[in-house]
Every structure is written in C-alpha cells, then in structure tokens.
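Presented as structure tokens, the chain that follows is alone, the form predicted on its own.
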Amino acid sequence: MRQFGLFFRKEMLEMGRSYKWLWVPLVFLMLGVMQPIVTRFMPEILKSAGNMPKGMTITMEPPSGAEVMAQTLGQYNSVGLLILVLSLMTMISGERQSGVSQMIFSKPVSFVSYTAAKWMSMFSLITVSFVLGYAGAWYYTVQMIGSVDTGAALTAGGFYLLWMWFGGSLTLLASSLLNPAAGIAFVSLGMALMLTMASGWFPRYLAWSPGSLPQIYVNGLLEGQGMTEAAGALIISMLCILACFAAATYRVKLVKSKI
C-alpha cells in the first residue's frame, strides 16, 4: 500500500508538471459550455451569416434542455474521448521508452502497485475533467435553454463517465502493449469506435457491451431510462475495465521479469 501511495503521488505530480490538470479540464469545460451557448444563439448566428435570399426567414424549433445535454455528451464522445486518449497514451509506453520503468523495476517494487497507481491517476483526471465540464454544460443549459430532469441527467452522466473510464482503460492497455504513440491512439480510438458501431448494428446481441453505453446515456436523457434497465451493460463494462487492468498488469510484469 505504501508503494501504491508513492507511485500515485508520482503520477499526480507528473500530470501537474505536464499541465494535464490544467488543459484537460479546461477543454472539457469549454466543450460543455459551448453547446448550450451555440444552441441558444444559433438563430442570431444564422441571421448575421448573410448570403440568404431577401425575405427568407429561418424558423427553428428550440430544443429541450435534455436534447442539448445529449448533444453535449455527443461532443464528449468524439472530441472529449480524443483529448483523453492523447493525454493518456504515453503513461506506460513513455516510461518504458525513456528507461524510467527499467530504473524503477531494478528495485524491489510491486508491478501491481505501479500499474494500479497509473490506473487511479487516470480515473482521477477523467472524473475531475468530466464532472467540471458536465456541471458547466448543465448550468448553462438550465440558464439559457430550459430545465433538465435531475435524475435523468445524473444517470446519463454516470453512464458516460463509465464509458470514459473504459476508453481510458483501453488506452492504458494499448500503452502497455505498444510503443508508438500514434499506434496507441489508433488502437484505442479504433476499438472504442468499433464497439460503438457494432452495438448499433447488432443491438440484440451486444446490448450489454460497453459500446452500448453511449446509446444508454442518450436514452437516459431523452426517454428517462433508469440505471436498472441497463444493469447488464454496467456490470459488463466494469468487468471489461478490470480485464484491461489485469492484462496491463501482466504485461508490466513481463517487462519487469526481463530486467
């Protein structure tokens, strides 16, 4: 436990020195706030754009607060996931390439504590960034668009946070297996995209896969679906996260055994 604490503080300090604790939450906050603001002023933006025939009027039905929140989560599912992958992809491979991991494992340290510290620091960064951005999106949506059901918003946010944890776990697993940063990003984003697409193509067979989480949080916002209706996807996703952690830990163990 003492080694885990030391490694965890090391990871948090490195995230601070690389300004990840600054720019990642700020990007999530910007993405969250931008969607309700753009939606609120979209008619004015279109009017000022010009290049429209004289006398032409644009009528847009204002979206509900739940629809704007769902659109915000859609932004996180694309740009937000990309930002997280880019910020996490060298957490293991970077130390392996620079020789830091070889120096660490030359001492009697636990590879489980080493990997768990990286996992927990990854969870911390994702959770803080998402909660800050989601809270900002929720506040501006209520102020500028309309009210959002609290239970549905919390349910959707919980499922999306789990999806982000899964994406981060895939990234760290790929970082333990591969060296090139581009390859890590490609594999992580590719697997997440394939799971999402496969769950949409075969909803009957992949209803409980992690790839179904994006559709679950949309249903939670727009239709009021509760967490109990998606308990299967919740459990399977958590098991997949644990499997990614176990696989990355085993890979780190193999690296340690070669030193």
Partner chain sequence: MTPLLQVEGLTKRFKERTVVNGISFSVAEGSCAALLGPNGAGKTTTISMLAGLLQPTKGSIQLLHGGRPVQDHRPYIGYLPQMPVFYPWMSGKEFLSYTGELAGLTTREAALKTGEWLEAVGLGNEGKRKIGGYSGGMKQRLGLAQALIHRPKLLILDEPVSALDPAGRKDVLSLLRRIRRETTVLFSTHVLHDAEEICDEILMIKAGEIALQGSLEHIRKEYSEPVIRLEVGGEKASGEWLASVGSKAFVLQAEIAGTRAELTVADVEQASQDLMKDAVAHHVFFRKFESGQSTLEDLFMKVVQA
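Numbering follows the first chain given and starts at 1. Here the structure is a predicted model, which is why all the values come from computation and not from measurement.
Beyond what is shown, the protein has a form predicted in complex with its partner chain; the following relates to that form.
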Find out whether any non-hydrogen atom of residue 151 is located within 4.5 angstroms of its partner chain in the predicted complex, and reply yes or no. no
Proximity of residue 111 to its partner chain in the predicted complex, heavy atoms at 4.5 Å: yes
Can you work out whether residue 104 and its partner chain are in contact in the predicted complex, taking contact to mean some heavy atom pair no more than 4.5 Å apart? yes
Is it the case that residue 180, even though its partner is missing from this view, gets within 4.5 Å of its partner chain in the predicted complex, heavy atoms only? no
Between 147, 98, 78, 127, only one gets a heavy atom within 4.5 angstroms of its partner chain in the predicted complex; which residue is that? 98
Any residue of 1 to 20 that, in the predicted complex, places a heavy atom within 4.5 Å of its partner chain: 2, 3, 6, 7, 9, 10, 13, 14, 17
